[in-house]
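So this first bit is one chain, no partners, the form predicted alone, shown in structure tokens.
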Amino acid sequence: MIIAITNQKGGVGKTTTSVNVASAIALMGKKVLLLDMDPQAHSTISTVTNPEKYEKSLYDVLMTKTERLEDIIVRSNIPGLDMAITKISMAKLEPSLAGEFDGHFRLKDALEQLRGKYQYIFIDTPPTLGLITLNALVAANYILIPIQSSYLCLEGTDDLLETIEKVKRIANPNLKVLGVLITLFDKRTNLARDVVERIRKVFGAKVFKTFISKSVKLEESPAYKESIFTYAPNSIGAEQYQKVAEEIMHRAKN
């Protein structure tokens, strides 16, 4: 099961969601891999101690077909979670693959090496709809869309949905939207509640039942290279991401 966590808007909680849903499912005893496709490498930095000590990263695998994906996978600091690490060099991928006939398929081809090894593979993508994100969409079974509960939350949504449809027509007809996750939710404000209604009008039943609230603990945990489940296991963030992980597992089965 391969799930790309994607939204071309920045600051919507893609990395927080990627790390914490992957961690929750790993803690339930599943074999889980998190791939960091974002050149900012926030998932890598948030989960791996001294990632700079590793010579190669996901960029090398996607650029050179003789490099093996399993060789750049490392054990994260989070129990049961493996990481396919990335570095700033990932920013060179798009210009390097421009014009390559198989440029959109590099990640899908690399993942074939891991067939059957992991029950869940999550992909943290950059806040763009370029070639890196397209690689994730071509490789994935599902897409999970985090949307911040803010006034401009739906800005660019049409572009994302159009990109998904193009990928389905051209390269991955089985790609499905697993769900839309509302993040950075502040239940105290009327605006947040109004925004939720706007999102529901667009996505209907695709919206996850659980929302992710604004949380200092969620913001702090990456600094300690921990998931919310070890950093603040009794926090509201841990409770919410646990429920989201359970809903992901349920939806992905159906």
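Start at 1 with the first residue shown and count on from there. Because the structure is predicted, anything quoted here is derived from the model rather than measured.
The same protein also exists as the form predicted in complex with adenosine-5'-diphosphate; that form is not shown, yet it is the one meant from here on.
(message) in the predicted bound form, does Glu219 come within 4.5 Å of adenosine-5'-diphosphate, counting heavy atoms only?
(response) So Glu219 counts as contacting adenosine-5'-diphosphate.
(message) Considering non-hydrogen atoms and a 4.5 Å limit, does adenosine-5'-diphosphate approach Leu184 in the predicted bound form?
(response) Yes, Leu184 sits close enough to adenosine-5'-diphosphate in the predicted bound form that at least one of its heavy atoms falls within 4.5 Å.
(message) So, Lys243 and adenosine-5'-diphosphate: in the predicted bound form, are they within 4.5 Å at any heavy atom pair?
(response) Contact with adenosine-5'-diphosphate, no.
(request) Please check if Lys206 has a heavy atom lying within 4.5 Å of any heavy atom of adenosine-5'-diphosphate in the predicted bound form. (result) Looking in the predicted bound form, residue contacts with adenosine-5'-diphosphate do not include Lys206, since no heavy atom lies within 4.5 Å.
(request) State yes only if every one of Pro79, Leu81 and Ser227 has a non-hydrogen atom within 4.5 Å of adenosine-5'-diphosphate in the predicted bound form; otherwise state no. (result) Answer is no for this spot.
(message) Within 4.5 Å, heavy atoms only, which of Ala192, Ala41, Val61, Ile212 is in contact with adenosine-5'-diphosphate in the predicted bound form?
(response) None of the other options qualify; the answer is Ile212.
(message) Using a 4.5 Å heavy atom cutoff, which residues in 1 to 28 contact adenosine-5'-diphosphate in the predicted bound form? It's fine if the answer is none.
(response) Those in contact are Lys9, Gly10, Gly11, Val12, Gly13, Lys14, Thr15, Thr16.
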